[in-house]
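What follows is one chain in structure tokens, specifically the form predicted on its own.
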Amino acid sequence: MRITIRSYSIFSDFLGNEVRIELDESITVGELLDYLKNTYSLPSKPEPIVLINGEIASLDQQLRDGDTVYIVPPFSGG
């Protein structure tokens, strides 16, 4: 399974703007974040917002081959 990860702000300091990874088996968003923490030292704080193909994802959502995962910091504004 191949997925593309695009990261922004503080998370791009660890992952770069885009990284492509290949996995032997399907994983969830939560498992992907654990993998990125262990492999790329992705920080736990701030807790990232994860989107899959432009839609907000939950930690238990399964990733599929060809997905693009966006990892962004929480934001607020007015």
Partner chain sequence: MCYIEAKLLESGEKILLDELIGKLSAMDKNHGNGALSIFVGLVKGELNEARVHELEYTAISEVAAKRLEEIARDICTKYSLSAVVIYHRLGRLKPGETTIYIVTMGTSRKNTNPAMIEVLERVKKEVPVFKLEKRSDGEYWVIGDGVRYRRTLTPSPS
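Residue numbers count along the first chain shown, from 1. Worth saying up front: this structure is predicted, and the values here are computed from it rather than measured.
What comes next is about the form predicted together with its partner chain, which does not appear here.
- By the criterion of a heavy atom within 4.5 Å, Val72 is counted among the residues contacting its partner chain in the model of the complex.
- Mapping the unseen interface onto this chain, Gln61 falls outside it, with no heavy atom inside 4.5 Å of its partner chain in the model of the complex.
- Its partner chain is not drawn, but in the model of the complex it has no heavy atom within 4.5 Å of Leu23.
- Though the partner is left out of this view, Gly66 does not reach within 4.5 Å of its partner chain in the model of the complex, counting heavy atoms only.
- Residues from 9-34 that approach its partner chain in the model of the complex with a non-hydrogen atom closer than or equal to 4.5 Å are Ser9, Ile10, Ser12, Asp13, Phe14, Leu15, Gly16, Asn17, Glu18, in the order they occur in the chain.
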